[in-house]
Every structure is written in structure tokens, then in C-alpha cells.
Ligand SMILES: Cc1ncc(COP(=O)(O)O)c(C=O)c1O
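As C-alpha cells, one chain now follows by itself in the form predicted on its own.
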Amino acid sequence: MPVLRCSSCGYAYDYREPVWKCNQCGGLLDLEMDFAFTRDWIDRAVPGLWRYHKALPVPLSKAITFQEGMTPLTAFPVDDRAVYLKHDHLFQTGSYKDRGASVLVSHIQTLGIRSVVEDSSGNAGCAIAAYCAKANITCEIFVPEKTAPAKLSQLKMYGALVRKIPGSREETASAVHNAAKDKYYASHCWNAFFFQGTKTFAYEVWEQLGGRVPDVLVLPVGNGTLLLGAYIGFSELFLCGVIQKLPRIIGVQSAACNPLERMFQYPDAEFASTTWQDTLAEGIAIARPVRAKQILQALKDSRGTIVSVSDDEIKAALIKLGKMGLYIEPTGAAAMAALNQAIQFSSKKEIIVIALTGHGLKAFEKLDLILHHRS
């Protein structure tokens, strides 16, 4: 039977309890599942990520799904190196966050909860709003006031009640925590069930590589929802004996807001020493990631590292992707901007997988400005 366990005090909850944080100490909860994943567990008759339903904490009969997942993994050779792009921008709402939203909202449905709150710079909120709309669950999304207009329109089209909060991303999080005193918090970073969805990224990459593991995995990281999900997924495959090693994970941050990189390089550093500036990659501009310790531990366990890229490097990556026929949002291009650093972190015979996490239509204003500036 799965349990929700507090990462701080160790208190355990039945996974069917409607809790999103520890009621004893306020700590983060992690979902613990005991299973033996095998190739036979893949239900190939089911499209998308729910093909792995035997490794998920929600029965297939209760799934809220748009048949999302199994996004393409395409070769992108660089000289004589094996580089692959994982196209997680091709989801129902235009970002990988649909992975987590599908599983989390499915769980919320099984709990009988009819109203939720969430905070987001855009993509997570859009994903939660879309799946709540399909499940007929009311949702209220708290966003920073500078959130891209395209994402705000998307939220409203799904019927979400949008609350624009002045100030930083952290002030938005503070506002939603107050609202979460009375409503269930469908959080992409606090709620453990979201990571049960994003872990399917690892399953898909492993399956699409024919049962192989990438040597290096390059992911943008702000709150760590994809990085931690991928780490959980590959760790489950490893613990079940399906794979023999973990990929070395490279987390990519914006140079304008890189607290995790600083903490990785200087373990005694505090968040207070981190400066925050405007950046094209607004989705990973998180000054105080709530799961920072877990992110750093995942990087250490995988023998990985964390790097940062400048806005100029992100712009160059966006133009390069565009000339390949790929229209990616700036946050989603951050991992591509770190390609040269990933190459330096690997040998010629190793496989590199880069995640493209969000579609360009979500940030057309920024992309339009980049194009006009170049012309």
C-alpha cells in the first residue's frame, strides 16, 4: 500500500488522505510505492503515459487523460555524438507539466475533491486548469502579475479563476498558501502526486532508447518538477534491476536566477545571497525552490551537476531550434542552450538526451521581440 511520508519528521499518511503537506511539522511529503517494475508492466494497448499505469498510484479506470505522453525522441547528431531531443513541448497544453497534472488531477478525482488552488508562472497552472476542466473540478490559479498574456488567456479558456499577484514568484506562492488553508493545494512542487506523473518521462526515454539509459540527461530546473520526476523514474527502474545505472543529470538554470547552482557549488550558501533579475526563462526563475535539498541530492546521487545559461545563450538556442523547425518557449530552450556544457561533461560515445519542455506559442511576445531585435 503506498504511503505519503514526511521528508522532515518521517510521519506517514495513507496515500488516500487529502493531505499535501505534513500536518505534524509542515514538511514536504513524498509518495513511497513498493513494486517491482518489469517490461511486462508496460500496457502497450494504452496510448501515452498511462501505459505505465501499473507503476502509478491511480487505477487506469480513474485516469483523467487526453492520451498524453510518449512524445517523440528524435536524433540530433552533433559531430559524431549521439544527442537526442525529447519533445515534451508537444503536450495537450504545450508543456511537460501535463504529465504531472494528469496523475495529480486523477488522484484528486478519486478523493472526491471538487475545488483546488494552484500557483504557477503559467505552464503548471495551464496544465492543472485543463485537466480540472476535463474532470469538472473548479480551480483557482494564482500567477505573478507579469505572467505572459498567452498563458493567462490559456488559463481563462480552460475556465480557471485567475488571481494575479503583484511582486515576485515567491509572493505568489505565499498568497496561494493562504488560500490552501481552506482548499486542496494541487501544487506542482508541494504535491507528491505531481511527481508520479513526471516520472513517466524516465520510463518513456528508457523505452524509446530500446531499454537503454542516456548517459547524460539535460533538463531545465526551477522548482525541479521534471528533474525530480525523472530522477524518481530512473531510480525506480534501477532499484527494480531494469537498468544498471542512473543517467548523469545536468540541471540548467538561468544566470539571472540560479540559487541551485550556487548551492550546488557552495553547499553552505543561503538563498538570501541569491539575486533575482528578469529573464527570458521565467518558468525556471525560482529564487527559493521548496524542494531544493531533494534536487541537490538527486544531482549528487546521479553524479550530475548544475549549470546556468545567459539570456543571450537562450536566444541563440531559440534561433537554432527555429531553423530546425522547432518553435520552443525560452524556458524550454534553456536545456538546449547548455548543449556545449553537456558535451564537455560527456565522452564521445555517450548518449545525451535534452528535454524541450514548452511550446513557443506560450511566449510569442518574447519571441517576437527577439526576432524584431535581430532584424
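These numbers come from a predicted model, not from an experiment. Residue numbers here begin at 1 and follow the sequence given.
Beyond the structure shown, there is the form predicted together with this ligand, which is absent from this document and is the topic of what follows.
Of the candidate stretches 103 to 111, 301 to 309, 221 to 229, 234 to 242, only 221 to 229 contains residues with a heavy atom within 4.5 Å of this ligand in the predicted complex. Proximity to this ligand in the predicted complex, defined as a heavy atom within 4.5 Å, holds among Thr71, Thr279, Gln154, Ser121 only for Ser121. Mapping the unseen interface onto this chain, Pro214 falls outside it, with no heavy atom inside 4.5 Å of this ligand in the predicted complex.
Of the heavy atoms in Ala202, none are within 4.5 Å of this ligand in the predicted complex. Although the partner is absent here, Val143 lies well away from this ligand in the predicted complex, with no heavy atom inside 4.5 Å. In the predicted complex, no heavy atom of Gly251 sits within 4.5 Å of this ligand. Scanning 348 to 363 for heavy atoms within 4.5 Å of this ligand in the predicted complex gives Thr357, Gly358 in sequence order.
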